[in-house]
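This document starts with two versions of one protein chain, written out as C-alpha coordinates and named structure 1 and structure 2.
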Structure 1
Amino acid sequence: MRWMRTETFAAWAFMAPGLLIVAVFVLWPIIYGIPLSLTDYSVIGETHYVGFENYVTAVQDKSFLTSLWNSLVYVLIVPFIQIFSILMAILVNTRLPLIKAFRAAYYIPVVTSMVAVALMWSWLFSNNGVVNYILLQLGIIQEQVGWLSSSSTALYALMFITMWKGLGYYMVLYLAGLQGIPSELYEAAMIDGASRWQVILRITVPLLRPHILFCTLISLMGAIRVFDEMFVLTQGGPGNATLTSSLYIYQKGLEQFNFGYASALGLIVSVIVGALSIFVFRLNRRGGVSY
(Lines of atoms letter the chains of each structure in order from A and count residues from 1; the text may use other names and numbers.)
(Lines give C-alpha, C1' and ligand atoms only; values in the text may rest on other atoms or scores of the structure.)
Protein backbone atom coordinates (compact mmCIF):
# COMPACT_ATOMS: atom_id res chain seq x y z
CA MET A 1 0.00 0.00 0.00
CA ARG A 2 2.90 2.29 0.63
CA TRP A 3 3.99 2.25 -3.00
CA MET A 4 0.40 3.12 -4.01
CA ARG A 5 0.45 6.14 -1.70
CA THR A 6 3.77 7.18 -3.20
CA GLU A 7 2.41 6.94 -6.74
CA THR A 8 -0.73 8.83 -5.73
CA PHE A 9 1.34 11.60 -4.19
CA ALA A 10 3.52 11.78 -7.31
CA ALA A 11 0.43 12.00 -9.52
CA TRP A 12 -1.03 14.87 -7.48
CA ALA A 13 2.38 16.59 -7.45
CA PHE A 14 2.53 16.51 -11.25
CA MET A 15 -1.06 17.75 -11.57
CA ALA A 16 -0.72 20.48 -8.95
CA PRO A 17 0.70 23.24 -11.22
CA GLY A 18 -2.03 22.69 -13.80
CA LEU A 19 -4.77 22.53 -11.18
CA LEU A 20 -3.47 25.73 -9.57
CA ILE A 21 -3.59 27.57 -12.90
CA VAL A 22 -7.13 26.30 -13.56
CA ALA A 23 -8.23 27.33 -10.06
CA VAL A 24 -6.76 30.85 -10.33
CA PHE A 25 -7.63 31.70 -13.94
CA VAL A 26 -10.80 29.64 -14.53
CA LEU A 27 -12.63 28.66 -11.34
CA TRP A 28 -12.01 31.82 -9.32
CA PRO A 29 -13.16 34.24 -12.11
CA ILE A 30 -16.35 32.19 -12.53
CA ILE A 31 -17.07 32.21 -8.79
CA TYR A 32 -16.20 35.90 -8.46
CA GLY A 33 -18.33 36.70 -11.51
CA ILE A 34 -21.54 35.46 -9.87
CA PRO A 35 -21.86 38.25 -7.24
CA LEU A 36 -20.32 40.74 -9.69
CA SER A 37 -23.10 40.04 -12.21
CA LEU A 38 -25.65 41.25 -9.65
CA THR A 39 -24.07 44.71 -9.47
CA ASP A 40 -23.40 47.69 -11.74
CA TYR A 41 -19.64 47.60 -11.04
CA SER A 42 -17.77 49.81 -13.50
CA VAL A 43 -14.38 50.51 -11.79
CA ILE A 44 -15.22 54.22 -11.64
CA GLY A 45 -17.95 55.30 -9.23
CA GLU A 46 -19.90 53.49 -6.55
CA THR A 47 -21.10 49.94 -6.96
CA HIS A 48 -24.78 49.17 -6.37
CA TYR A 49 -26.60 45.89 -6.02
CA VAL A 50 -29.04 45.60 -8.96
CA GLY A 51 -30.31 42.05 -8.50
CA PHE A 52 -31.16 40.27 -11.76
CA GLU A 53 -31.42 43.49 -13.74
CA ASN A 54 -28.34 42.64 -15.82
CA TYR A 55 -29.87 39.29 -16.82
CA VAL A 56 -33.18 40.91 -17.75
CA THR A 57 -31.27 43.45 -19.86
CA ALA A 58 -29.30 40.63 -21.51
CA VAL A 59 -32.36 38.75 -22.81
CA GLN A 60 -33.66 42.06 -24.28
CA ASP A 61 -30.31 43.08 -25.75
CA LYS A 62 -30.52 42.51 -29.52
CA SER A 63 -26.76 42.86 -29.99
CA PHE A 64 -26.12 40.16 -27.38
CA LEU A 65 -28.71 37.83 -28.91
CA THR A 66 -27.13 38.38 -32.32
CA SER A 67 -23.67 37.63 -30.92
CA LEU A 68 -25.03 34.49 -29.25
CA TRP A 69 -26.60 33.35 -32.51
CA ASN A 70 -23.32 33.96 -34.39
CA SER A 71 -21.46 31.90 -31.77
CA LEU A 72 -23.93 29.04 -32.15
CA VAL A 73 -23.59 29.20 -35.95
CA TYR A 74 -19.83 29.01 -35.42
CA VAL A 75 -20.34 25.60 -33.78
CA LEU A 76 -21.16 24.25 -37.27
CA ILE A 77 -17.43 24.06 -37.98
CA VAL A 78 -16.91 21.47 -35.19
CA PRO A 79 -17.94 18.34 -37.17
CA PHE A 80 -15.99 19.50 -40.23
CA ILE A 81 -12.84 20.07 -38.15
CA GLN A 82 -13.13 16.62 -36.58
CA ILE A 83 -13.79 14.79 -39.86
CA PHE A 84 -10.95 16.49 -41.75
CA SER A 85 -8.58 16.11 -38.79
CA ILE A 86 -9.23 12.35 -38.60
CA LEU A 87 -8.71 11.97 -42.36
CA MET A 88 -5.48 13.99 -42.19
CA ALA A 89 -4.26 11.93 -39.22
CA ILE A 90 -4.92 8.72 -41.14
CA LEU A 91 -3.02 10.18 -44.11
CA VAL A 92 0.06 11.22 -42.13
CA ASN A 93 0.02 7.94 -40.16
CA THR A 94 1.21 6.08 -43.25
CA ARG A 95 4.83 5.25 -43.96
CA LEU A 96 5.59 7.44 -46.94
CA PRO A 97 8.70 9.42 -47.94
CA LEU A 98 8.84 12.91 -46.39
CA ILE A 99 5.83 12.11 -44.16
CA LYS A 100 7.47 13.92 -41.21
CA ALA A 101 7.79 17.03 -43.34
CA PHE A 102 4.06 16.79 -44.18
CA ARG A 103 3.21 16.49 -40.47
CA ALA A 104 5.26 19.58 -39.69
CA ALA A 105 3.65 21.49 -42.57
CA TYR A 106 0.14 20.69 -41.33
CA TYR A 107 1.09 21.85 -37.82
CA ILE A 108 2.66 25.18 -38.82
CA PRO A 109 -0.69 27.11 -38.77
CA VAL A 110 -1.25 26.00 -35.16
CA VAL A 111 1.95 27.63 -33.90
CA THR A 112 1.57 30.70 -36.12
CA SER A 113 0.32 33.78 -34.28
CA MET A 114 -3.25 34.89 -34.96
CA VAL A 115 -2.01 38.32 -36.05
CA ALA A 116 0.16 36.78 -38.78
CA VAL A 117 -2.66 34.49 -39.84
CA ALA A 118 -5.07 37.44 -39.95
CA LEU A 119 -2.72 39.52 -42.09
CA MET A 120 -2.25 36.64 -44.50
CA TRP A 121 -5.97 35.86 -44.86
CA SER A 122 -6.97 39.53 -45.07
CA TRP A 123 -4.77 39.68 -48.16
CA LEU A 124 -6.03 36.38 -49.57
CA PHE A 125 -9.68 37.41 -49.01
CA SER A 126 -9.28 40.96 -50.32
CA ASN A 127 -11.13 42.01 -53.49
CA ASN A 128 -7.95 41.64 -55.54
CA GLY A 129 -6.71 38.67 -53.51
CA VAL A 130 -5.80 35.15 -54.49
CA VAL A 131 -9.15 33.62 -53.50
CA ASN A 132 -11.16 35.87 -55.81
CA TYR A 133 -8.60 35.41 -58.61
CA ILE A 134 -8.75 31.58 -58.45
CA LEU A 135 -12.56 31.45 -58.21
CA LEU A 136 -12.92 33.89 -61.11
CA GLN A 137 -10.52 31.85 -63.24
CA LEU A 138 -12.47 28.66 -62.47
CA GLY A 139 -15.76 30.39 -63.29
CA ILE A 140 -17.21 29.69 -59.83
CA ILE A 141 -17.94 33.40 -59.24
CA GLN A 142 -18.68 36.06 -61.86
CA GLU A 143 -17.41 39.10 -59.97
CA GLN A 144 -15.16 39.90 -57.03
CA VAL A 145 -16.56 39.08 -53.58
CA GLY A 146 -15.79 41.07 -50.46
CA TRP A 147 -15.36 38.00 -48.27
CA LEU A 148 -14.66 39.93 -45.07
CA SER A 149 -16.61 43.09 -45.90
CA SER A 150 -19.94 41.52 -46.85
CA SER A 151 -22.40 40.62 -44.10
CA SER A 152 -23.43 37.49 -46.02
CA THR A 153 -19.92 35.99 -46.25
CA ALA A 154 -17.80 37.50 -43.44
CA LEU A 155 -18.81 35.00 -40.71
CA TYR A 156 -18.26 31.99 -42.98
CA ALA A 157 -14.89 33.34 -44.11
CA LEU A 158 -13.82 33.59 -40.46
CA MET A 159 -15.11 30.06 -39.81
CA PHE A 160 -12.93 28.81 -42.66
CA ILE A 161 -9.88 30.57 -41.16
CA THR A 162 -10.57 28.99 -37.76
CA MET A 163 -10.90 25.56 -39.31
CA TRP A 164 -7.71 25.99 -41.35
CA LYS A 165 -5.75 27.07 -38.28
CA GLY A 166 -7.07 24.36 -35.97
CA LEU A 167 -6.82 21.30 -38.21
CA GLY A 168 -3.18 20.60 -37.37
CA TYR A 169 -3.81 20.68 -33.61
CA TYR A 170 -6.57 18.08 -33.71
CA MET A 171 -4.65 16.06 -36.31
CA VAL A 172 -1.80 15.59 -33.81
CA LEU A 173 -4.22 14.39 -31.11
CA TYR A 174 -5.84 11.91 -33.48
CA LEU A 175 -2.42 10.80 -34.71
CA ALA A 176 -1.47 9.92 -31.13
CA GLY A 177 -4.67 7.89 -30.86
CA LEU A 178 -4.03 6.08 -34.15
CA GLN A 179 -0.54 5.07 -33.09
CA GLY A 180 -2.02 3.43 -29.97
CA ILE A 181 -4.19 1.05 -32.00
CA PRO A 182 -2.51 -2.38 -32.39
CA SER A 183 -1.46 -3.07 -35.97
CA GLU A 184 -2.66 -6.69 -35.57
CA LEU A 185 -6.25 -5.48 -35.81
CA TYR A 186 -5.62 -3.91 -39.21
CA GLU A 187 -3.69 -6.96 -40.43
CA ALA A 188 -6.52 -9.29 -39.38
CA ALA A 189 -9.09 -7.08 -41.11
CA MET A 190 -7.06 -6.99 -44.35
CA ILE A 191 -6.67 -10.79 -44.27
CA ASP A 192 -10.47 -11.06 -43.92
CA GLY A 193 -10.83 -8.96 -47.07
CA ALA A 194 -12.01 -5.69 -45.49
CA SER A 195 -11.76 -2.63 -47.73
CA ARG A 196 -9.90 0.51 -46.69
CA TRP A 197 -13.14 2.34 -45.83
CA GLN A 198 -14.47 -0.66 -43.87
CA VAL A 199 -11.27 -0.66 -41.80
CA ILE A 200 -11.66 3.05 -41.08
CA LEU A 201 -15.35 2.84 -40.18
CA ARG A 202 -15.27 -0.48 -38.25
CA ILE A 203 -11.88 -0.27 -36.50
CA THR A 204 -10.31 3.19 -36.60
CA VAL A 205 -13.32 5.36 -35.76
CA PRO A 206 -14.71 3.16 -32.92
CA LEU A 207 -11.30 2.92 -31.25
CA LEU A 208 -10.85 6.67 -31.55
CA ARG A 209 -14.08 7.41 -29.67
CA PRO A 210 -12.37 8.79 -26.52
CA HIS A 211 -10.21 11.06 -28.69
CA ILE A 212 -13.24 12.13 -30.74
CA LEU A 213 -15.12 13.00 -27.54
CA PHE A 214 -12.21 15.01 -26.14
CA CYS A 215 -11.49 16.85 -29.40
CA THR A 216 -15.18 17.55 -29.99
CA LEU A 217 -15.56 19.05 -26.52
CA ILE A 218 -12.59 21.39 -26.72
CA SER A 219 -13.47 22.28 -30.31
CA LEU A 220 -17.05 23.05 -29.26
CA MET A 221 -15.93 25.29 -26.40
CA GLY A 222 -13.36 26.97 -28.65
CA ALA A 223 -16.00 27.67 -31.32
CA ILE A 224 -18.38 29.35 -28.86
CA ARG A 225 -15.58 31.34 -27.23
CA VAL A 226 -13.94 32.37 -30.53
CA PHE A 227 -12.51 35.86 -30.25
CA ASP A 228 -9.13 36.44 -31.94
CA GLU A 229 -10.31 36.17 -35.53
CA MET A 230 -13.10 38.71 -35.08
CA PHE A 231 -11.03 41.05 -32.95
CA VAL A 232 -8.15 41.22 -35.43
CA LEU A 233 -10.00 41.05 -38.76
CA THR A 234 -13.50 42.51 -38.48
CA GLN A 235 -14.16 43.91 -34.98
CA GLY A 236 -17.57 42.25 -35.21
CA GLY A 237 -18.52 43.92 -38.49
CA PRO A 238 -19.85 44.57 -41.00
CA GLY A 239 -22.80 45.58 -38.86
CA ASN A 240 -22.96 42.80 -36.28
CA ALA A 241 -22.41 40.03 -38.84
CA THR A 242 -19.32 38.64 -37.08
CA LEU A 243 -20.06 39.80 -33.55
CA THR A 244 -19.62 36.77 -31.28
CA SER A 245 -20.48 36.47 -27.60
CA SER A 246 -16.83 36.66 -26.47
CA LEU A 247 -16.18 39.80 -28.51
CA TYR A 248 -19.38 41.42 -27.20
CA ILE A 249 -18.47 40.59 -23.59
CA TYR A 250 -15.02 42.09 -24.21
CA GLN A 251 -16.58 45.27 -25.61
CA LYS A 252 -18.95 45.63 -22.65
CA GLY A 253 -16.29 44.86 -20.05
CA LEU A 254 -12.95 46.20 -21.23
CA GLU A 255 -14.08 48.93 -23.65
CA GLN A 256 -17.19 50.28 -21.90
CA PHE A 257 -16.12 49.24 -18.36
CA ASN A 258 -19.56 47.77 -17.63
CA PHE A 259 -18.13 44.82 -15.70
CA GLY A 260 -21.35 43.90 -13.91
CA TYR A 261 -23.24 43.46 -17.17
CA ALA A 262 -20.25 41.73 -18.82
CA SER A 263 -20.13 39.24 -15.91
CA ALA A 264 -23.80 38.42 -16.38
CA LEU A 265 -23.24 37.84 -20.11
CA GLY A 266 -20.22 35.66 -19.37
CA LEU A 267 -22.21 33.50 -16.95
CA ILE A 268 -25.03 33.06 -19.47
CA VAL A 269 -22.52 31.91 -22.10
CA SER A 270 -20.86 29.59 -19.56
CA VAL A 271 -24.20 27.93 -18.80
CA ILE A 272 -24.84 27.41 -22.53
CA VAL A 273 -21.35 25.92 -23.00
CA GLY A 274 -21.91 23.62 -20.01
CA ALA A 275 -25.27 22.46 -21.38
CA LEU A 276 -23.80 21.72 -24.82
CA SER A 277 -20.88 19.86 -23.20
CA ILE A 278 -23.27 17.66 -21.21
CA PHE A 279 -25.21 16.99 -24.42
CA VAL A 280 -22.02 15.87 -26.19
CA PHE A 281 -21.09 13.65 -23.21
CA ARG A 282 -24.50 11.96 -23.30
CA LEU A 283 -24.10 11.29 -27.03
CA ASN A 284 -20.77 9.56 -26.33
CA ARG A 285 -21.63 7.67 -23.15
CA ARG A 286 -20.42 4.44 -24.67
CA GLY A 287 -16.92 5.85 -25.20
CA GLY A 288 -13.95 3.63 -24.45
CA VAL A 289 -11.45 1.35 -26.07
CA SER A 290 -11.66 -2.43 -25.96
CA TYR A 291 -9.64 -4.85 -28.00
Structure 2
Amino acid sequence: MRWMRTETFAAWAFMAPGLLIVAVFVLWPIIYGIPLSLTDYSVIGETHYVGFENYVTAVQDKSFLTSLWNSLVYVLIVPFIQIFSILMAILVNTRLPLIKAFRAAYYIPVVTSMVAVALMWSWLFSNNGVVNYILLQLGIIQEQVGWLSSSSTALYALMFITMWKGLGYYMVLYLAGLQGIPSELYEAAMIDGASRWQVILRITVPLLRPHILFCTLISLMGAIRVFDEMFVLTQGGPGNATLTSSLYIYQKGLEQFNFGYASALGLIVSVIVGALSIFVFRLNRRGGVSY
Protein backbone atom coordinates (compact mmCIF):
# COMPACT_ATOMS: atom_id res chain seq x y z
CA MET A 1 0.00 0.00 0.00
CA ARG A 2 3.02 2.28 0.00
CA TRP A 3 2.27 3.44 -3.53
CA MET A 4 -0.85 5.11 -2.21
CA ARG A 5 1.33 7.61 -0.44
CA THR A 6 3.27 8.62 -3.52
CA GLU A 7 2.92 12.02 -5.05
CA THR A 8 1.80 10.51 -8.35
CA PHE A 9 -1.12 8.73 -6.70
CA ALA A 10 -2.17 11.86 -4.83
CA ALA A 11 -1.96 13.90 -8.03
CA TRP A 12 -4.22 11.54 -9.97
CA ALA A 13 -6.63 11.26 -7.05
CA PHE A 14 -7.01 15.02 -7.00
CA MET A 15 -7.47 15.26 -10.75
CA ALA A 16 -9.74 12.24 -11.24
CA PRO A 17 -13.18 13.84 -10.74
CA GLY A 18 -12.40 16.90 -12.86
CA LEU A 19 -10.72 14.92 -15.62
CA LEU A 20 -13.66 12.50 -15.69
CA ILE A 21 -16.09 15.36 -16.32
CA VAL A 22 -13.78 16.84 -18.97
CA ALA A 23 -13.46 13.43 -20.61
CA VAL A 24 -17.22 12.86 -20.72
CA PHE A 25 -18.39 16.35 -21.65
CA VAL A 26 -15.47 17.83 -23.58
CA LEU A 27 -13.46 15.00 -25.13
CA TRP A 28 -16.25 12.50 -25.74
CA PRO A 29 -18.40 14.82 -27.91
CA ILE A 30 -15.39 15.44 -30.12
CA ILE A 31 -14.57 11.72 -30.41
CA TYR A 32 -18.11 10.38 -30.65
CA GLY A 33 -19.24 13.04 -33.13
CA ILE A 34 -17.21 11.40 -35.92
CA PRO A 35 -18.74 7.89 -35.94
CA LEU A 36 -22.16 9.40 -35.22
CA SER A 37 -21.89 11.51 -38.36
CA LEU A 38 -21.51 8.34 -40.45
CA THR A 39 -24.88 6.96 -39.33
CA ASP A 40 -28.55 7.81 -39.71
CA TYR A 41 -29.03 7.70 -35.94
CA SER A 42 -32.26 9.27 -34.73
CA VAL A 43 -34.74 8.58 -31.96
CA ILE A 44 -37.02 6.45 -34.11
CA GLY A 45 -36.03 3.41 -36.16
CA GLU A 46 -32.87 1.39 -36.45
CA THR A 47 -29.48 2.94 -36.91
CA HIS A 48 -27.45 2.15 -40.01
CA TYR A 49 -23.95 2.94 -41.10
CA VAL A 50 -24.41 5.23 -44.09
CA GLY A 51 -20.83 6.17 -44.92
CA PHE A 52 -20.43 9.72 -46.17
CA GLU A 53 -24.05 10.10 -47.19
CA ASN A 54 -24.68 12.79 -44.57
CA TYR A 55 -21.78 14.81 -45.94
CA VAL A 56 -22.99 14.43 -49.50
CA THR A 57 -26.46 15.57 -48.41
CA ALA A 58 -24.95 18.50 -46.51
CA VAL A 59 -23.08 20.01 -49.45
CA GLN A 60 -26.32 19.88 -51.46
CA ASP A 61 -28.50 21.17 -48.63
CA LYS A 62 -29.45 24.72 -49.65
CA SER A 63 -30.54 25.68 -46.13
CA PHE A 64 -27.23 24.50 -44.70
CA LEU A 65 -25.23 26.42 -47.30
CA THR A 66 -27.30 29.54 -46.56
CA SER A 67 -26.72 29.07 -42.83
CA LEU A 68 -22.97 28.73 -43.42
CA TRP A 69 -22.98 31.87 -45.54
CA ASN A 70 -24.96 33.78 -42.87
CA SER A 71 -22.46 32.65 -40.23
CA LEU A 72 -19.60 33.92 -42.37
CA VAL A 73 -21.39 37.25 -42.89
CA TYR A 74 -21.88 37.40 -39.14
CA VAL A 75 -18.10 37.36 -38.72
CA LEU A 76 -18.12 40.89 -40.18
CA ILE A 77 -19.16 42.02 -36.72
CA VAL A 78 -15.78 41.05 -35.22
CA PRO A 79 -13.67 44.00 -36.42
CA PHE A 80 -16.41 46.46 -35.42
CA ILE A 81 -16.50 45.08 -31.87
CA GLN A 82 -12.71 45.36 -31.63
CA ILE A 83 -12.54 48.95 -32.88
CA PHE A 84 -15.39 50.22 -30.69
CA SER A 85 -14.19 48.35 -27.61
CA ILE A 86 -10.66 49.72 -27.97
CA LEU A 87 -12.03 53.25 -28.35
CA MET A 88 -14.25 52.71 -25.30
CA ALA A 89 -11.31 51.37 -23.31
CA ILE A 90 -9.22 54.42 -24.25
CA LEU A 91 -12.11 56.67 -23.23
CA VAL A 92 -12.52 55.10 -19.79
CA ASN A 93 -8.79 54.67 -19.14
CA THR A 94 -8.59 57.88 -17.10
CA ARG A 95 -8.78 58.81 -13.45
CA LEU A 96 -11.69 61.21 -13.79
CA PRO A 97 -14.31 61.27 -11.01
CA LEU A 98 -17.19 58.78 -11.56
CA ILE A 99 -15.24 56.89 -14.21
CA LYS A 100 -15.82 53.58 -12.40
CA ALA A 101 -19.58 54.14 -12.49
CA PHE A 102 -19.37 54.63 -16.25
CA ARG A 103 -17.32 51.45 -16.67
CA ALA A 104 -19.94 49.53 -14.67
CA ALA A 105 -22.76 51.01 -16.74
CA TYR A 106 -21.12 49.86 -19.98
CA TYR A 107 -20.75 46.40 -18.53
CA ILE A 108 -24.39 45.86 -17.53
CA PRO A 109 -25.48 44.41 -20.91
CA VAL A 110 -22.74 41.77 -20.53
CA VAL A 111 -24.07 40.38 -17.25
CA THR A 112 -27.73 40.27 -18.22
CA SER A 113 -29.13 37.23 -19.98
CA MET A 114 -29.37 37.14 -23.76
CA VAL A 115 -33.07 36.34 -23.39
CA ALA A 116 -33.72 39.63 -21.59
CA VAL A 117 -31.50 41.58 -23.97
CA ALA A 118 -33.07 40.00 -27.04
CA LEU A 119 -36.64 40.61 -25.88
CA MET A 120 -35.80 44.23 -25.09
CA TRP A 121 -34.30 44.90 -28.49
CA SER A 122 -37.11 43.15 -30.32
CA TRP A 123 -39.47 45.85 -29.04
CA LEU A 124 -36.98 48.65 -29.63
CA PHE A 125 -36.53 47.42 -33.22
CA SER A 126 -40.25 46.96 -33.94
CA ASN A 127 -42.06 49.06 -36.56
CA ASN A 128 -43.50 51.53 -34.05
CA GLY A 129 -40.50 51.11 -31.78
CA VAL A 130 -38.08 53.57 -30.30
CA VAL A 131 -35.29 52.96 -32.83
CA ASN A 132 -37.50 53.89 -35.78
CA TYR A 133 -38.90 56.84 -33.85
CA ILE A 134 -35.48 58.30 -33.06
CA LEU A 135 -34.09 57.69 -36.54
CA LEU A 136 -37.19 59.31 -38.09
CA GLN A 137 -36.91 62.32 -35.80
CA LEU A 138 -33.26 62.72 -36.69
CA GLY A 139 -34.12 62.44 -40.37
CA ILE A 140 -31.76 59.49 -40.88
CA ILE A 141 -34.53 57.32 -42.34
CA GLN A 142 -37.58 58.53 -44.28
CA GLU A 143 -40.04 55.79 -43.33
CA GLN A 144 -40.35 53.00 -40.76
CA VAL A 145 -38.01 50.06 -41.25
CA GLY A 146 -38.97 46.54 -40.11
CA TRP A 147 -35.50 45.88 -38.76
CA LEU A 148 -36.12 42.30 -37.65
CA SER A 149 -38.90 41.42 -40.08
CA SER A 150 -37.21 42.40 -43.32
CA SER A 151 -34.81 39.87 -44.77
CA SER A 152 -32.38 42.57 -45.89
CA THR A 153 -31.87 44.02 -42.40
CA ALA A 154 -32.64 41.21 -39.92
CA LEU A 155 -29.15 39.72 -39.85
CA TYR A 156 -27.58 43.15 -39.36
CA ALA A 157 -30.03 44.07 -36.61
CA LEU A 158 -29.06 40.87 -34.79
CA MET A 159 -25.39 41.71 -35.32
CA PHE A 160 -26.03 45.06 -33.69
CA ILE A 161 -27.61 43.35 -30.66
CA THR A 162 -24.67 40.93 -30.34
CA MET A 163 -22.22 43.80 -30.57
CA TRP A 164 -24.14 45.97 -28.10
CA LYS A 165 -24.12 43.14 -25.56
CA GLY A 166 -20.45 42.30 -26.03
CA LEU A 167 -18.80 45.74 -26.13
CA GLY A 168 -18.37 46.02 -22.36
CA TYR A 169 -16.70 42.62 -22.11
CA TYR A 170 -14.01 43.43 -24.62
CA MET A 171 -13.68 46.93 -23.17
CA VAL A 172 -12.59 45.45 -19.84
CA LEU A 173 -10.08 43.14 -21.51
CA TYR A 174 -8.60 46.02 -23.52
CA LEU A 175 -8.61 48.24 -20.45
CA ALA A 176 -6.41 45.67 -18.71
CA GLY A 177 -4.09 45.80 -21.70
CA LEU A 178 -3.96 49.59 -21.67
CA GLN A 179 -3.11 49.67 -17.99
CA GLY A 180 -0.18 47.37 -18.66
CA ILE A 181 1.44 49.77 -21.08
CA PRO A 182 4.29 51.65 -19.38
CA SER A 183 3.41 55.35 -19.01
CA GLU A 184 6.97 56.38 -19.95
CA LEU A 185 6.14 55.49 -23.53
CA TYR A 186 3.31 58.03 -23.58
CA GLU A 187 5.44 60.66 -21.87
CA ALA A 188 8.21 60.18 -24.41
CA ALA A 189 5.70 60.55 -27.25
CA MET A 190 4.28 63.73 -25.69
CA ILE A 191 7.76 65.23 -25.44
CA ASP A 192 8.33 64.42 -29.09
CA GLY A 193 5.12 66.29 -29.85
CA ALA A 194 3.03 63.38 -31.13
CA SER A 195 -0.70 64.01 -31.66
CA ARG A 196 -3.40 62.03 -29.83
CA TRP A 197 -4.17 59.92 -32.90
CA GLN A 198 -0.51 59.31 -33.59
CA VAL A 199 -0.11 58.03 -30.04
CA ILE A 200 -3.10 55.71 -30.41
CA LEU A 201 -2.03 54.31 -33.77
CA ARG A 202 1.73 54.11 -33.13
CA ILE A 203 1.87 53.14 -29.47
CA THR A 204 -1.46 51.94 -28.11
CA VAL A 205 -2.65 49.66 -30.89
CA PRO A 206 0.69 47.90 -31.52
CA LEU A 207 1.17 47.27 -27.80
CA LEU A 208 -2.37 45.93 -27.46
CA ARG A 209 -1.60 43.30 -30.08
CA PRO A 210 -1.76 40.26 -27.78
CA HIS A 211 -5.09 41.47 -26.43
CA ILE A 212 -6.39 42.14 -29.91
CA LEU A 213 -5.46 38.59 -30.93
CA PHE A 214 -7.17 37.12 -27.89
CA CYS A 215 -10.34 39.20 -28.27
CA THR A 216 -10.52 38.64 -32.02
CA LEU A 217 -10.31 34.88 -31.54
CA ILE A 218 -12.99 34.85 -28.83
CA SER A 219 -15.38 37.05 -30.78
CA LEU A 220 -14.71 35.07 -33.96
CA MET A 221 -15.72 31.86 -32.20
CA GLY A 222 -18.71 33.68 -30.72
CA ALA A 223 -19.81 35.00 -34.11
CA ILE A 224 -19.61 31.55 -35.71
CA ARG A 225 -21.44 29.89 -32.83
CA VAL A 226 -24.03 32.66 -32.41
CA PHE A 227 -27.33 31.10 -31.44
CA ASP A 228 -29.26 32.67 -28.55
CA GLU A 229 -30.19 35.85 -30.44
CA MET A 230 -31.71 33.91 -33.33
CA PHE A 231 -33.34 31.37 -31.08
CA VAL A 232 -35.20 34.02 -29.07
CA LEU A 233 -35.95 36.53 -31.83
CA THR A 234 -36.19 35.15 -35.35
CA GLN A 235 -35.86 31.33 -35.38
CA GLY A 236 -33.80 31.84 -38.52
CA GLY A 237 -36.42 33.91 -40.34
CA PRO A 238 -37.68 35.78 -42.23
CA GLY A 239 -37.16 33.07 -44.83
CA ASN A 240 -33.66 31.83 -44.05
CA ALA A 241 -32.26 35.34 -43.61
CA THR A 242 -30.97 34.79 -40.08
CA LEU A 243 -30.46 31.02 -40.18
CA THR A 244 -26.93 30.50 -38.84
CA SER A 245 -25.08 27.22 -38.78
CA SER A 246 -25.47 26.62 -35.02
CA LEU A 247 -29.19 27.26 -35.23
CA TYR A 248 -29.50 24.88 -38.17
CA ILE A 249 -27.52 22.19 -36.36
CA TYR A 250 -29.77 22.67 -33.34
CA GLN A 251 -32.91 22.39 -35.47
CA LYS A 252 -31.69 19.23 -37.22
CA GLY A 253 -30.37 17.66 -34.02
CA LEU A 254 -32.53 18.64 -31.08
CA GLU A 255 -35.79 19.62 -32.78
CA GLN A 256 -35.94 16.98 -35.53
CA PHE A 257 -33.73 14.48 -33.66
CA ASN A 258 -31.68 13.80 -36.75
CA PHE A 259 -28.52 13.17 -34.69
CA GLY A 260 -26.39 11.63 -37.44
CA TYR A 261 -26.97 14.42 -39.92
CA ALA A 262 -26.57 17.14 -37.25
CA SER A 263 -23.24 15.62 -36.21
CA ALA A 264 -21.99 15.72 -39.77
CA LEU A 265 -23.00 19.38 -40.04
CA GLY A 266 -21.31 20.09 -36.73
CA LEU A 267 -18.05 18.52 -37.88
CA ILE A 268 -18.06 20.52 -41.11
CA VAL A 269 -18.53 23.75 -39.14
CA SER A 270 -15.84 22.69 -36.65
CA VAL A 271 -13.30 22.19 -39.41
CA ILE A 272 -14.13 25.62 -40.86
CA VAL A 273 -13.83 27.29 -37.44
CA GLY A 274 -10.53 25.51 -36.80
CA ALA A 275 -9.15 26.68 -40.14
CA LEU A 276 -10.33 30.24 -39.51
CA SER A 277 -8.71 30.44 -36.10
CA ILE A 278 -5.41 29.11 -37.43
CA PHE A 279 -5.63 31.75 -40.17
CA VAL A 280 -6.19 34.56 -37.63
CA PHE A 281 -3.35 33.23 -35.50
CA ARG A 282 -0.95 33.21 -38.45
CA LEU A 283 -2.06 36.65 -39.56
CA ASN A 284 -1.31 38.05 -36.12
CA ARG A 285 2.02 36.36 -35.64
CA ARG A 286 3.62 38.37 -38.41
CA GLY A 287 5.34 41.44 -37.00
CA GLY A 288 4.38 42.58 -33.55
CA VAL A 289 6.06 44.73 -30.95
CA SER A 290 7.37 43.72 -27.57
CA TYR A 291 8.20 45.84 -24.59
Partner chain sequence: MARRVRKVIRYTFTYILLLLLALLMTGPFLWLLSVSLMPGRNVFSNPPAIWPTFIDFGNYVQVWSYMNFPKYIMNTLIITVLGVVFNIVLSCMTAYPLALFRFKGRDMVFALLITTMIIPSSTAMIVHYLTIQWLNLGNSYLGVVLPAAVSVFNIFLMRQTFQGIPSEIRDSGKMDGASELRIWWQLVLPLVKPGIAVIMLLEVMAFWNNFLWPIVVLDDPEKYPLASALTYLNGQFSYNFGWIAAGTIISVIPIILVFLFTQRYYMEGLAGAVKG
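Only the largest set of C-alpha atoms that superpose within 1.5 Å between the two forms is called the rigid core. Numbers follow structure 1, counted from its first residue as 1. For clarity, every value in this text was computed on a predicted model and none was experimentally measured.
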{"property": "Structure identified as the form predicted together with its partner chain", "result": "2"}
{"property": "Cα displacement of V271 between structures 1 and 2 reaching 2 Å, rigid core superposed", "result": "no"}
{"property": "After fitting the core, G45 CA displacement of 2 Å or more between structures 1 and 2", "result": "yes"}
{"property": "Yes/no, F227 Cα shift of 2 Å or more between structures 1 and 2 with rigid core fixed", "result": "no"}
{"property": "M15: CA movement between structures 1 and 2 [superposed on rigid core, Å]", "result": "10.2"}
{"property": "Rigid core fit between structures 1 and 2: Cα deviation of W28 in angstrom", "result": "2.4"}
